[in-house]
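Just the one chain here, laid out as structure tokens, in the form predicted on its own.
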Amino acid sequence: MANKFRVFATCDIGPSLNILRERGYQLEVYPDPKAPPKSLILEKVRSGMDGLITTLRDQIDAEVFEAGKGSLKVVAQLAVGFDNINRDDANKHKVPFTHTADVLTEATAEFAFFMLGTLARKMWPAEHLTRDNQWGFWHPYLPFLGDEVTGKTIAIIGTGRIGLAMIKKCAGFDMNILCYDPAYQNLEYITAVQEVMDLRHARGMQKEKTSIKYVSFAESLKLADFVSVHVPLLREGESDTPTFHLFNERTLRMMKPTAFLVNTSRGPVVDESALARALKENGIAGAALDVYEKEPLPADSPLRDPAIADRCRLMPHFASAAKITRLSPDPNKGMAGRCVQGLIDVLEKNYGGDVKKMPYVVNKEAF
């Protein structure tokens, strides 16, 4: 029997939508690549939509849940983060929302590592040197030198899924790893990584011994050559360990002047004005960002200052932008597939209709 559920998708998420069409869903998709106005989302929800497919661009709050009272059964988010969804409002209206955790873990971690390497080895200024026909001779240390990654020390700030995946990649480059997590220490994983490090050294696969350990936040910043950020965005009052502006004027000064910062977590974790000043005053050597306090990055952002362009790499929230990761219909591989499966689980009452057992539902506490 066909499922006559009505679903509005705020953007086209690719072939995975055909799974819903084949199941008889009445699907409406916003055709413009830009985000739909909130007024349109409200209009659609008021018309009796059973489900919404949303992205971080869509503000889903009390107004939306009130408009969908009596009909809206699920919000399926195409992202790991859900800063755009008001959890308290969702809970009050008893509407579960899902996200796409885990499937973008490896893609995000490898992108963070690539950004780190691009920054350290000065690939952006080096390519400009070549393209601008300024490469006139070879010299051992002119016009500039980059920094090696192999053998250096990296601080992993946040050891959730993506942080652990980043650790795995850094271990392969014979890096010493300092871990900090304000909420949870995965000591079993860290012990296993140390065992692998020791085996690689014993078998001659790496010349120098390397180590991995948990340390305090201050110690991680003081000792690291690279700092890679992988924490969720938690504001004051939301947690005992808030991460809003975790990197600020004070904490950036804790870093070595030769150190590099990479952020692929959430934009507001970094105070962008403080970061721009730190770069301009040579407080740190460089930064690479894929997320921002406001997206898209405003034209007047201090991060756009030409004076720091050679040391500040700016990417367009791009870390998960790989073909399989973004679009695969397989919920074990693709964000789109997992988004659709989360929606189906709620609407078709999988897991015996028990929301608390549905793996992709975030706000289980409301049920």
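The model shown is predicted, which means the values in this text are computed figures rather than measured ones. Note that residue numbering follows the sequence shown and begins at 1.
Only in words, not in the display: the form predicted in complex with nicotinamide-adenine-dinucleotide, which the text now covers.
S.K.: So nicotinamide-adenine-dinucleotide isn't shown here. In the model of the complex, which residue out of 224, 80, 76, 270 has a non-hydrogen atom within 4.5 Å of it?
M.R.: Exactly one residue meets the criterion: 80.
S.K.: Please tell me which of 182, 125, 151, 172 lies within 4.5 Å of nicotinamide-adenine-dinucleotide in the model of the complex, judged by heavy atoms.
M.R.: Looking at 182, 125, 151, 172 one by one, just 182 meets the 4.5 Å heavy-atom criterion.
S.K.: Considering nicotinamide-adenine-dinucleotide in the model of the complex, find the one stretch among 201 to 209, 161 to 169, 272 to 280, 128 to 136 with heavy atoms no farther than 4.5 Å from it.
M.R.: Selected stretch: 161 to 169.
S.K.: Thinking of 108, 234 and 264 as the candidate spot, does nicotinamide-adenine-dinucleotide come within 4.5 Å of a heavy atom on all of them in the model of the complex?
M.R.: Per the other structure, all of 108, 234 and 264 touch nicotinamide-adenine-dinucleotide.
S.K.: Are any of the heavy atoms in residue 67 no more than 4.5 Å from a heavy atom of nicotinamide-adenine-dinucleotide in the model of the complex?
M.R.: Close contact is absent here: in the model of the complex, residue 67 is far from nicotinamide-adenine-dinucleotide, nothing within 4.5 Å, heavy atoms only.
S.K.: Determine whether any heavy atom of residue 290 comes within 4.5 Å of a heavy atom of nicotinamide-adenine-dinucleotide in the model of the complex, and answer yes or no.
M.R.: Residue 290: yes, in contact with nicotinamide-adenine-dinucleotide in the model of the complex.
S.K.: Report yes if any heavy atom of residue 242 sits within 4.5 Å of a heavy atom of nicotinamide-adenine-dinucleotide in the model of the complex; otherwise report no.
M.R.: Result yes; residue 242 sits at the interface with nicotinamide-adenine-dinucleotide in the model of the complex.
S.K.: Decide whether residue 116 counts as a contact residue for nicotinamide-adenine-dinucleotide in the model of the complex under a heavy atom distance cut-off of 4.5 Å.
M.R.: No, residue 116 is distant from the partner.
S.K.: Taking nicotinamide-adenine-dinucleotide in the model of the complex, which residues of 307 to 323 have any heavy atom within 4.5 Å of it?
M.R.: Contacting residues: 317, 319, 320.
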